[in-house]
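Below you will find one chain, with nothing else, as structure tokens; this is the form predicted on its own, and questions on how it binds or moves follow later.
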């Protein structure tokens, strides 16, 4: 098994002003917002994984780091055994070709003055994938692959419907011949029938081309339909991860269970139906960050911060909870001691 991405205790924090003055003549230390706080995740070649969570959970920040748009504040983020932040120029060019991104705002990501043909040709020329005489044929094949007619090549983005412009965004991602697709809420805002068409398209493309898919979504219905694995985020940390069917059938973390009760339909933003206040990422509490909202909180939860732990020997499920649902005691070994390194897979 070839590991593409490996994240080990990845953190990302941002300065958000100054804290209170320390003493009468003391200075003011900068306050920091922890958008990501100890993320642990491993993604193998051919995986399809959905990263889900409420707004503010850190999903978009995680994508930016995994695309190399920002460096982590701490921790290790590797792509094919190499620290992403240390890639040289040729390595970054190879990474940009191999890892394609489908934007949430597909129309806004396209130059409104460029026709669809030119939008698709641009990555071909950038990476020298074909001779100029072959470009028209490749454009037609790409459009056909995503379910559009060749006549669409002459249109501008403003002339396309919402579903059509999303298909062009998929075609543009495929134009670079990538091995990995990262999609950020790429079916949000569409009606259910168009969503279903695009999800079927993405799933078929990944299966036919052997692509790795990293899908960011607030919709558990989309995650369960499209991806084989799911990682649930809460306040900058993954709190549960495993095969989608198992997680959806029997969630281990109370936050995942609350999200399960909150999604009756596609394209409904996740919002867990829980009492209590969400802690501030600027001032995270001691102990479990979910304790203020957990329906089964216990005294130890406010004292000990749970680490992502494997549930049972050899099982694929991981959970960051001292008292997982349906488990009398935390089983397995903490992931920090058990998580294999990149080199172990190669």
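Treat the numbers as computed from the prediction; the structure is a model and nothing was measured. Positions refer to the first chain, counted from 1.
What follows is about the form predicted in complex with a small molecule, which we do not show.
> Even though the partner isn't displayed, in the predicted complex is residue 318 close enough to the small molecule, meaning a heavy atom within 4.5 Å?
Residue 318: no contact with the small molecule in the predicted complex.
> Residue-level question: is residue 14 within 4.5 Å of the small molecule in the predicted complex, judged on heavy atoms?
Residue 14: contacts the small molecule in the predicted complex.
> Is residue 35 part of the interface with the small molecule in the predicted complex - any heavy atom within 4.5 Å?
Yes.
> Although the partner isn't part of this model, could you tell me whether residue 59 comes within 4.5 Å of the small molecule in the predicted complex, counting any heavy atom of the residue?
Contact check for residue 59: yes, within 4.5 Å of the small molecule in the predicted complex.
> Check for me: heavy atom within 4.5 Å of the small molecule in the predicted complex, for each of 54, 64 and 218, yes or no.
All of them do, each having a heavy atom within 4.5 Å of the partner.
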